[in-house]
Structures are given as structure tokens and as C-alpha cells.
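A lone chain, given as C-alpha cells: the form predicted alone.
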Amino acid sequence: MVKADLIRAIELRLNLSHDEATAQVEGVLNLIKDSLTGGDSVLISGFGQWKVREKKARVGRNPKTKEEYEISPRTVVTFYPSNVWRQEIADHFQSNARG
């Protein structure tokens, strides 16, 4: 699913115009981005949490040449699904694997 699919699904479920659905999706995404940019976590109960964290510098290696190089420190955003959702996903795939 891409953002356009999400907008279309919101249009259909909430009976909104394309422009209204786009504004809603963009608004939520902007709120999440603004919070993360400010260094805050974003928690949506039953769904998951986005956290900003710092990664330290480390040594990387080119697998082809075996040459080592330094990977610089950086800030990354990580997503952790909630335990409830994680279990729903596991149950779904287990039931589909059984046939």
C-alpha cells in the first residue's frame, strides 16, 4: 500500500472527497513527522510506536573487497509494533499457513 492507496481507502470508508481525504492523511503524517523531528516519540495504542534514536559510529565492511570503512554516527527513526498488533499479525499468518 502506498500513500495514494491509503487516501483512496479513507475516501471510501469515510465518504470524503479526494481533497478532504488527502488533507486528513497529510495532516496526520505531518503531525507524526513534526513530533519525531522535535525528538519526541509517537505512540498509537494498539498499533505501535515510532522512536528517534542515535546510532554510534561503527566500522563497516565492503563484502566484495573486504575493505573496512567508518560509518558515521546518525539519527534514525525506528518503529516498534504494539504487542497486540504483533500477535494479530502472527495469528493471521499462522492461520493462512494452515490453509
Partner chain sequence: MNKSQLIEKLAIRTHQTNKVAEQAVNIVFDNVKQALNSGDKVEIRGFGSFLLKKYGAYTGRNPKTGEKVQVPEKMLPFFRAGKDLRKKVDD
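Note that the structure is predicted; figures quoted are calculated from it, not measured. Numbering follows the first chain given and starts at 1.
There is another form of the same protein, the form predicted together with the partner chain; it is not shown, and what comes next is about it.
The shortest heavy atom separation between residue 46 and the partner chain in the predicted bound form is within 4.5 Å. Interface residue remark: residue 57 is not counted as part of the site for the partner chain in the predicted bound form, having no heavy atom within 4.5 Å. Contact annotation: residue 13 falls within 4.5 Å of the partner chain in the predicted bound form, judged by heavy atom distances. The closest non-hydrogen atom of residue 68 lies beyond 4.5 Å of the partner chain in the predicted bound form. Along 1-24, these residues reach a heavy atom to within 4.5 Å of the partner chain in the predicted bound form: 1, 2, 3, 6, 9, 10, 13, 14, 16, 20, 23, 24.
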